[in-house]
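Next up: a single chain in structure tokens, the form predicted alone.
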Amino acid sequence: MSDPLTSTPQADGFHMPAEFEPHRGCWMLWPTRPDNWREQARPAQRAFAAVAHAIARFEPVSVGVAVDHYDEARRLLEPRIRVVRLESDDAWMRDVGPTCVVGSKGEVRGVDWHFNAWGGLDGGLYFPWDRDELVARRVLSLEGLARYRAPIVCEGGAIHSDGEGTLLVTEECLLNRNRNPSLGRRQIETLLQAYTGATQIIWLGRGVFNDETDGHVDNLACFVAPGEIALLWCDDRRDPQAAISRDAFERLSDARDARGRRLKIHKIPMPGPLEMTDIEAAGLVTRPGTKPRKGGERLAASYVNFYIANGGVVVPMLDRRLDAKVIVQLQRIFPNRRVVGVPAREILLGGGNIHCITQQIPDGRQRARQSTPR
């Protein structure tokens, strides 16, 4: 693995593109931890495979798999999906994989953030996480991309870009003492701008209620187009999510993006509320150093946790009362993409969803061609 670049993306004229811009492919990891995925991760593996197959309809998919589980993954995944031997501590590629940036001529590079399992020894979800710390540089090496090593703890799910200079984040996550306790808001903003090329950062307050990532923004809100945001919404004022969503709506309504635009906000209904059942919790193995899961725990369920692919959107199906309605709503929001739903409760039980287990590699050259005046 090559040494990281000593400059920053901002200094080199690179920026983080939007997820709705062209991709050259998507990366995932294979779930195996019996303390996080019930029944020896078999149900989760089927769910991950379904997500990989759905995304592969639109763009190439690569799945990193530990050596001991390579054969089972190869058996469950379609032949068109690339399976790569890649060690990790768990399967959250959005957070441990690279955040890619692009240059004006289409060159792609990757940002390798420090990772501490969402809080380290102060509320983190497992220990150790040393293999996860190596995933981003390994993916970039396999993709043949140069690497920037950012000097802060950050996860891919904690930031969302419109590709035009605006970054969406939450205070709950990025200002949490268990990430970068020696840095204040202004210092974190400066570093985020340096490593994403953003010029405007919109701070939301809290993330989804009971989200164990300390409020990742990708579970609450995301850019669906320049100047447009999908926001998780809850009408029931007795539910703690209602106040969180209202606060986010007010902040977004008052905000302007990097180009000075007011934001159009699409309210996406919240599934449930959903809880882990006793039977689901009983299927987990208890291990020291890992957050225990119990029956009756509120799950941080969100339809906003979808993946935007080339020509498609892959959405978690979580609540039979709402699934079809949300598919129709998202199809209106994405009229030029095919919206595909995938049953995703097994992913949710592990603490995240479809966006959390995926990470796109942008196609910078196609993007550059599309943006070149004719």
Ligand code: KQY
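Don't overthink the numbering: it's just position in the shown sequence, from 1. Remember, predicted model here, so these are calculated numbers, not experimental data.
Absent from the display: the form predicted together with 6-aminohexanamide. The rest refers to it.
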{"property": "Stretch in contact, per heavy atom within 4.5 angstroms of 6-aminohexanamide in the model of the complex, of 188-196, 207-215, 261-269, 135-143", "result": "207-215"}
{"property": "Partner proximity in the model of the complex: Met16 to 6-aminohexanamide, non-hydrogen atom cutoff 4.5 Å", "result": "no"}
{"property": "6-aminohexanamide contact at Gly25 in the model of the complex, heavy atom, 4.5 Å", "result": "no"}
{"property": "Partner contact for Thr32 in the model of the complex: 6-aminohexanamide, 4.5 angstroms, heavy atom", "result": "no"}
{"property": "Pro9 within 4.5 Å of 6-aminohexanamide in the model of the complex, heavy atoms", "result": "no"}
{"property": "Sole residue of Leu299, Leu77, Leu125, Val224 within 4.5 Å of 6-aminohexanamide in the model of the complex, by heavy atom", "result": "Leu125"}
{"property": "Residues within stretch 339-365 having a non-hydrogen atom within 4.5 Å of 6-aminohexanamide in the model of the complex", "result": "Gly350, Gly351, Gly352, Cys356"}
